[in-house]
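Here you get one chain, nothing else, as structure tokens; it is the form predicted alone.
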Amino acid sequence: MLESANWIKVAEVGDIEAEEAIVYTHGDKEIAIFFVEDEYFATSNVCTHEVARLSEGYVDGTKIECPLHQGVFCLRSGKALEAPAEQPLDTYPVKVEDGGIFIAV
């Protein structure tokens, strides 16, 4: 799994409540880390339609709904699923190791 990637520890297992997100800032990137259905997903925290924080959105299974205009994205792929969102989100690989949650940037 992306052995040459730059893995960064962003949290500990248990830090993120089910169906919730935390935000990690890396340089100029704001990344939302979600815990859904016993999996972790990392996406851009900013909606591609208009500036809104997806970490404040509504989680429905592996989908996130933007709190501003209700565009919907897939947490697995970043794909825009419902208008007004059209552009996909950036996504980041996630791994859990020794109780830590890491993302590759």
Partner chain sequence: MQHSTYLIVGAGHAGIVAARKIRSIRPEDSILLIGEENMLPYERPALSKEVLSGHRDVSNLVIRSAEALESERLDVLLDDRVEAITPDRKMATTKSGRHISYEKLLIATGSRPRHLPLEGLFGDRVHYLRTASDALRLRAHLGPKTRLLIIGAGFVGLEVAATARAHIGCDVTVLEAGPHILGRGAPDALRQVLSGLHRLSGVNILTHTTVAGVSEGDGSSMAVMTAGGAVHTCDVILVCIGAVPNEELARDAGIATDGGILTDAFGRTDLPDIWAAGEVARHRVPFLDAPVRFESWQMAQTQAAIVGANIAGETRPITYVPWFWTDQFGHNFQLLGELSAQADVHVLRGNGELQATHFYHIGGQLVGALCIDDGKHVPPIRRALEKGQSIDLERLSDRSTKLAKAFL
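Numbering follows the first chain given and starts at 1. Predicted model, so just to flag it, every value in this text is computed and none were measured.
Not pictured, yet referred to below: the form predicted together with its partner chain.
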- Mark H26 yes when one of its heavy atoms lies within 4.5 Å of a heavy atom of its partner chain in the model of the complex, and no otherwise. no
- Message: Can you tell me if V36 lies within 4.5 angstroms of its partner chain in the model of the complex, counting non-hydrogen atoms only?
- Response: no
- Contact label in the model of the complex: H69 to its partner chain, heavy atom within 4.5 Å: yes
- May I ask you to check whether K79 falls inside a 4.5 Å heavy atom distance of its partner chain in the model of the complex? no
- Item | Contact set, 72 to 105 vs its partner chain in the model of the complex - heavy atom within 4.5 angstroms | A83, P84, E86
